[in-house]
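The chain that follows stands alone, in the form predicted on its own, written as structure tokens.
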Amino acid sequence: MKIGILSSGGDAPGINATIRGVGKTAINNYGMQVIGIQNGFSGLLYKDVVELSDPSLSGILNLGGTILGTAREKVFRKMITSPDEKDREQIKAAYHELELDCLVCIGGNGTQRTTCMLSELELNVIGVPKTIDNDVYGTDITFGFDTAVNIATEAIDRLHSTASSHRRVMVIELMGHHAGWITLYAGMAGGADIILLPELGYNMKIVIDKIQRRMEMGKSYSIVAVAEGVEVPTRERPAAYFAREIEAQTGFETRETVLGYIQRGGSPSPYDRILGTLLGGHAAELIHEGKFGRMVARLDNKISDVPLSEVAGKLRLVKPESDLVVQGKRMGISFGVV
């Protein structure tokens, strides 16, 4: 069999570990031929490929980013849904001209949706979930998330010393447009006093009251962790908005920090290397067994898989009853809501 591997969407720590997991398993255990498709789905259209071998897959386990390159290919998705049959035939022709028996697509929600569309075109595909936001539906966790949480937690840890030394409120903005998993986990692990998530919303009065109560209790500083996707009534970034409002309403000196793309970069954590390796290996196993149109997943602490049709277009979001939210409230942490 001949299989192709591509990565699409934003980069995340652990992609290379996954490419390695798929490739080495396919080559060494199943005797398959493996090619890497460069720069996402556009590489499929333009047949921009490189042969992958056991030696070429060595030494990449600990590397961040992706050796294949990545892209957010909206044009490709439009071609799939185009009313012009020629567009869809162009995609199918590129797949068949590469003589692929299966295409492994590593990526987040958009990638899984596109992969599902390819399956509907009767192409053999396997999806592998990837995102630091941990919001891919159908899996309990995605690789990249653990690394991002570690980085974000360390940043919060460092803010404690500055906040306490200067008797300030520190507002740190973390990644997560729709899902607040990074902010929830890093905020809890880093000891944030207020955690604001897109899914839960917030009441500014509750946020201000929490900070004032801490001042009255003799606590000289507060840490506020906010996800980038939290909606604010101005065009400011959430961190800037909350820092300005908190200082104006409490008189407490307040500073903001936006961690940004630092959360995406660097070497993957050991957990993400292992998770990528296991998911990649299971993808190769599904190909060997002829089980296509599925996404590999980690469910109930086991490596498994689910139909792409069940996950495409859905998001895994933080719920008010999530264990960490409930426990945080029990401990007096504010989530900006009642």
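Nothing here was measured: the structure is a model prediction, and the numbers come from that model. All residue numbers are counted from 1 along the displayed sequence.
Another form exists, predicted together with a small molecule; not displayed. Remarks below refer to it.
Put simply, Asp133 is close to the small molecule in the predicted bound form: some heavy atom of it is within 4.5 Å. At the 4.5 Å threshold, heavy atoms of Gly107 stay clear of the small molecule in the predicted bound form, well away from it. In the predicted bound form, the small molecule lies farther than 4.5 Å from every heavy atom of Ala152. At the 4.5 Å threshold, heavy atoms of Arg264 reach the small molecule in the predicted bound form.
With the partner left out here, the small molecule still marks one of 170-178, 99-107, 209-217, 190-198 in the predicted bound form; by a 4.5 Å heavy atom cut-off that stretch is 170-178. Residue-level contacts in the predicted bound form: of Glu236, Asp140, Glu247, Glu228, one residue has a heavy atom within 4.5 Å of the small molecule, and it is Glu228. Listed residues Arg113, Arg72, His160, Arg88 were compared with the small molecule in the predicted bound form; Arg72 is the one with a heavy atom within 4.5 Å.
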